[in-house]
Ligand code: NDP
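Shown next as structure tokens: one chain only, the form predicted alone.
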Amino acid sequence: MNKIILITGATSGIGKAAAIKFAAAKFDVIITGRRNERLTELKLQLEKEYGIQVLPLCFDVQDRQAVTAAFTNLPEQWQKIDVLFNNAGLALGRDSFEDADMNDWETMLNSNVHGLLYVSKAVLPFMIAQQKGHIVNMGSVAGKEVYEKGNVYCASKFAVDAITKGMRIDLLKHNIKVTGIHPGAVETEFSLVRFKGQEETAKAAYAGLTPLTAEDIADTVFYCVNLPAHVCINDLVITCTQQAGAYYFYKKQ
């Protein structure tokens, strides 16, 4: 029987790369996201290329009722979830605190914090029943250091860091591993979303850098998940070679 991984935010970027990485290693995959057509396309791709089973679940992690409904009705053969990768999240805007849009703040908090909580609470009963499992939470270097105009995005990732540490303590008794992955600059749709479709501004964020890729982070998650049963990487910060922390970069001209 194949192991099962659940990946939120699997329709693009790191989530999609992780789905491909784990499918190639013969994990069956539950993929979630807001874009049903992308979920269907990814399901067909993974099943055709890797001969594994894929369950697509279309919902927004911000919607507590939708999350609850998805996992309350989860088919029995999919309930033995070995790994939960809480990947869904986003940044919106990069504005000084007094100029920021409160709608952006609420969306970031609802997705990055509440969404992670909703999905984790819904999935945990399946892991507790097995007395094993591994939760990987997507943090950020922005959850380790606050930078100018990062304000609420940083706050949301600081919350993820704290929640991850709290989970790790509380779930020890259930033999459930908890890992926080905290990437620096990763070139995906992240900046395009943050800057609301402004392609030139998004590209400028990576100018002069060889940033991390979605595949780099997927490889890191895969490594953490496939260590021996008695080994857990609790907290891992990963950047490209030209980055040190949240705001120190060496950009080539």
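The first residue of the shown sequence is 1; numbering continues from there. On a predicted model such as this, the values are computed, not experimentally measured, just so you know.
Same protein, other form: the form predicted together with this ligand, not shown, and the subject of what follows.
Contact check at 4.5 Å (heavy atoms) against this ligand in the predicted complex: all three of 33, 111 and 183 pass. Heavy atoms of residue 14 reach within 4.5 Å of this ligand in the predicted complex, making it an interface residue. Interface residue remark: residue 62 is counted as part of the site for this ligand in the predicted complex, having a heavy atom within 4.5 Å. By the criterion of a heavy atom within 4.5 Å, residue 188 is counted among the residues contacting this ligand in the predicted complex. The closest non-hydrogen atom of residue 153 lies within 4.5 Å of this ligand in the predicted complex.
Of the stretches 122 to 130, 89 to 97, 170 to 178, 72 to 80, only 89 to 97 has residues with a heavy atom within 4.5 Å of this ligand in the predicted complex. Contact annotation for 121 to 147: residues with any non-hydrogen atom within 4.5 angstroms of this ligand in the predicted complex are 138, 139, 140, listed in sequence order.
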